[in-house]
Ligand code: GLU
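Just one chain follows, in the form predicted alone, and it is written as structure tokens.
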Amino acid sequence: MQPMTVRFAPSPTGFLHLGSARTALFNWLAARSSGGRFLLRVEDTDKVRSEQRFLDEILEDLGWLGLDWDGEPIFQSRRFDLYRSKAESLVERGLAYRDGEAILFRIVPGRKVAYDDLIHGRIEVETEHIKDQVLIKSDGSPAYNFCCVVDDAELQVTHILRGDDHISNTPKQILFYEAFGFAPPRFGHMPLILGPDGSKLSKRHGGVSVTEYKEEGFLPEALANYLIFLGWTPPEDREIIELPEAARLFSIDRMNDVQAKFDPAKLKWMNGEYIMRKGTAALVPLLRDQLRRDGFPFAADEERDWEAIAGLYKIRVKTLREFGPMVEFFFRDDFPVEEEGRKKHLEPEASRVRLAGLVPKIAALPEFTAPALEALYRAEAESLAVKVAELIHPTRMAVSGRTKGAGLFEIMAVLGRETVLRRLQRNIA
């Protein structure tokens, strides 16, 4: 495979959209799989809407997703003189003309512009359907299609992978390449990402920017994995594949030419898989960062065994944001209590009597471990001639306020004997 030189060209007029992130991922995969270069070009010609804060966020999100680029980013706003010079050269050759302060490229009718799209195959357009193209606008700024060609030619870009919404731009750009005597790069256009209802992905389908998913507690590996599967089929039948391996297996000829629907439930499932597989020690700082963002004060608590808590719950969540409500009872005695569970498992007199009988035995237990606690509860249930669940459910409600969660005895071991006894006695009273 010949090394590919590709580029990702974000516009800093907003946050990184999921569709743009997917475009960046595919270009990165093309470069890394071929031993080529992945370049970054900032299309900041819109002086009014371009903002540094958007650029900072875009660069941060790309790095968060695991993407690196070769060399320094190129800024179109710093190249206006070059674009004007190139446009003037076309005027001198009679291929373009002035219209006031603007410069337009003359489209010659009666010919066909054709190219072999890497994803869709042969595409042909008659020049009768293309009007004269603006090169330089009346305010002195370059038109999108023109400055892209100037930059891509100078950077020696060999392949351009982008969304289907650019298909109409490609014939115009090919005409510019021809006018300068440049060989056009290979073009590949990816079908756009659709919402679950089949319409264009938008805010009404949920989050559409990478930042939103980062804040919701999605892992970058999971989001990257999901996005590349919205347009590419790996040679092996699998659903979990991290970027380095995807780069090893990637080839453009396995990219799909049909539109893909964004499925939030599938993404959540995939994120849950990544959380479950992640080493607990590596998960802890991510979890605590999420808790800080979500405003949980106990994120700063250094006393608790964070690895044990994360280990208990990482198989039970789909996003990091779900951790907070599940684990706050480890850190505070005034935790929320499920009212229905309280009425069912703690209000009955029999439940409180059984808990009262357990308290001295828990206090006297030689080792406060999950196996020792389980043995105690099973022995107590046998002596009382009740199911062990009759002891487990009231205890779970008393120590956690929840009817479901991680294994009770593991929870009790992490909470510690003193906390467990205090909470049991409070509920007995």
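This one's a predicted model, so the numbers in the text were calculated from it and none came from an experiment. The first residue of the shown sequence is 1; numbering continues from there.
There is another form of the same protein, the form predicted together with this ligand; it is not shown, and what comes next is about it.
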This ligand in the predicted bound form: contacting segment from 295-303, 247-255, 352-360, 144-152, heavy atom within 4.5 Å: 144-152
Thr419 within 4.5 Å of this ligand in the predicted bound form, heavy atoms: no
Distance check, Ala413 to this ligand in the predicted bound form, heavy atom within 4.5 Å: no
Residue contact check: Arg423 to this ligand in the predicted bound form, 4.5 Å heavy atom: no
Interface membership of Glu43, this ligand in the predicted bound form, 4.5 Å heavy atom rule: yes
The single option of Arg321, Lys261, Lys278, His166 touching this ligand in the predicted bound form, heavy atom within 4.5 Å: His166
Interface residue in the predicted bound form among Lys314, Lys172, Lys214, Arg162, criterion: non-hydrogen atom within 4.5 angstroms of this ligand: Arg162
Within 4.5 Å of this ligand in the predicted bound form: residues from 1-38 (heavy atom criterion): Arg7, Ala9, Pro10, Ser11
